[in-house]
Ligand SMILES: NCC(=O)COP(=O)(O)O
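Below you will find one chain, with nothing else, as structure tokens; this is the form predicted on its own, and questions on how it binds or moves follow later.
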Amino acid sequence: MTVELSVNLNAIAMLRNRRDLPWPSVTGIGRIALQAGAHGLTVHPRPDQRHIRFSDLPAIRALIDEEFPQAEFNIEGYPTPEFLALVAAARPEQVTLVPDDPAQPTSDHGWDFVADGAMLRPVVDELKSGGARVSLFADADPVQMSAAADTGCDRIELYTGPYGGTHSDPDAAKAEIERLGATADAAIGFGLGVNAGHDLTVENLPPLVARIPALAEVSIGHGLTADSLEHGMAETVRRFRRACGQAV
């Protein structure tokens, strides 16, 4: 099974927003990423629009529809009515629901599926009825996967931040990989697909892919954007695709 790469454009948008100027172009960088073989583009439109702006969504949708119809648009966010309205208008192929407070600088934990299941189930049903695949952000916790499956979601997205944080500690990295792998095994056992994202790099992706060979997709923004300053966006996408196990 090929692990697909979705390029998160939030960091590009945040750099653009430092000035009242149209560059770097979110769609322009997205085009380069897709031309280099990325499977899709990811955004997380937060209420304060501090990186991706609501006005970016139609432009990204048009880019995919008009130039890369095989690609996927993945929109992340907390399921407020405003977020769900944005999703309905943008028609993403995948929606990834995250339990973020609007003030958080970035996603830093998964759902408590036992506590939040009753809230998530109707939202998942609404999104699926609109044609989207639904993924739910999840901590490395196998015990939670039964409740995750009960929401009716299609996939979970493993929160890999703690794994990324072990970059200088090989023993801790092995322990985190096993926790993630055990969670993926449990999710797959309940019929769920598995995505992953947060603080993934060219260096730490291959061991994760080796432990979770059924991994469907990784969504990567910060590390990929940082590497692109050195290697350029097109070559960086190719480097990350190789790290996913793709023949490039």
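From 1 onward, residues are counted along the sequence shown. Bear in mind that the values here come from a model prediction, so they are computed numbers and not experimental data.
In what follows, reference is made to the form predicted together with the ligand, a form of this protein that is not presented.
- The closest non-hydrogen atom of residue 222 lies within 4.5 Å of the ligand in the predicted complex.
- At a distance threshold of 4.5 angstroms between non-hydrogen atoms, residue 199 is in contact with the ligand in the predicted complex.
- Taking non-hydrogen atoms only, residue 76 approaches the ligand to within 4.5 angstroms in the predicted complex.
- Heavy atoms within 4.5 Å of the ligand in the predicted complex belong, among the stretches 22-30, 53-61, 180-188, 212-220, to residues of 212-220.
- Shown here without the ligand, the chain has only 8 in 1-38 lying with a heavy atom within 4.5 Å of that partner in the predicted complex.
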